[in-house]
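Below you'll find only one chain, the form predicted alone, shown as structure tokens.
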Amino acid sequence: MRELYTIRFTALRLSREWIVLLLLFGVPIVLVTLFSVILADIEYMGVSAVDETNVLMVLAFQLFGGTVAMNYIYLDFFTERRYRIQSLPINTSLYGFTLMLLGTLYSILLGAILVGYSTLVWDVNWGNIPWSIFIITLMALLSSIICLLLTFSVKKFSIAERLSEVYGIGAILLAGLFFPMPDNAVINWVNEYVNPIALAYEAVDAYRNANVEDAWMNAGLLGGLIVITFVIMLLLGRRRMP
């Protein structure tokens, strides 16, 4: 299992990605701090604005965590570097899987630290912490799969990058985080059954309010999206991976 030895080198590679760390950890931690100060003691319909905003903020950044695996897969399999990777005595498919795994774990780790920071420093109510980290895990996994699916779907990587941004920003817009969305049947259906950030927030909020059945239903919908997109990603990946 020589492929397992590459995990250490991928982890070292990740530890040097300062821009990724800044975007996926530095920016959200600043935003969580700012919103905690600005929205302190404000409530909307009986819900603390700090709790709602910070939970949504941490979940929203999970939408972009898949860009780590996306970039590594592109660099190692779709640029000149692929000749070096293919010359190594390893199973390249398994190596690609370890890249996806490490990228997903990195996103989960950053999300878990943000949950801990917001809870310990700003007393944000996440409800059940293990459950919230489980939901973050589902979000991170779905993001990695969708970003890879986009990488395998188009010929130009720059287009895949833009589409991954459309995925993240589009989900945030539809969930009404920037401004309220109109009461439209299609938008409501998307937020209720497909939009990952809406499903993740409902799962965390339902568990926080002891509505375990709704929490599991939303987690199940996230799991269903993961299964469907994973199958499509595998089919596309078999055609595109060298």
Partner chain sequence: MTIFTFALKRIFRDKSNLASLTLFPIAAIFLPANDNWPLLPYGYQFFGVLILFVAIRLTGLLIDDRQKGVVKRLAAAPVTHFQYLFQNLLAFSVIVIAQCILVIAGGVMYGNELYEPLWLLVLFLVFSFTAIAFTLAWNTLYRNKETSFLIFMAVIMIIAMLGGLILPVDMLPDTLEKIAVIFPTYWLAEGIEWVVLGENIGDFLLINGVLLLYALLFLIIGSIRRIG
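Residue numbers count along the first chain shown, from 1. Keep in mind that this is a model prediction, so the values were computed, not measured.
From this point on, the text means the form predicted together with the partner chain, which you will not see here.
Though the partner is left out of this view, K155 does not reach within 4.5 Å of the partner chain in the predicted complex, counting heavy atoms only.
Proximity of R162 to the partner chain in the predicted complex: non-hydrogen atoms within 4.5 Å are present. By the criterion of a heavy atom within 4.5 Å, A11 is excluded from the residues contacting the partner chain in the predicted complex. Shown alone here, A210 lies farther than 4.5 Å from the partner chain in the predicted complex, counting heavy atoms only. Although the partner is absent from the chain shown here, none of Y167, Y193 and F230 has a heavy atom within 4.5 Å of the partner chain in the predicted complex. Only one of L39, I187, M217, V47 comes within 4.5 Å of the partner chain in the predicted complex through a heavy atom, and that residue is L39. Contacts of stretch 13-31 with the partner chain in the predicted complex, defined by any heavy atom lying within 4.5 Å, are made by W18, I19, L22, L23, V27, V30, L31, listed in sequence order.
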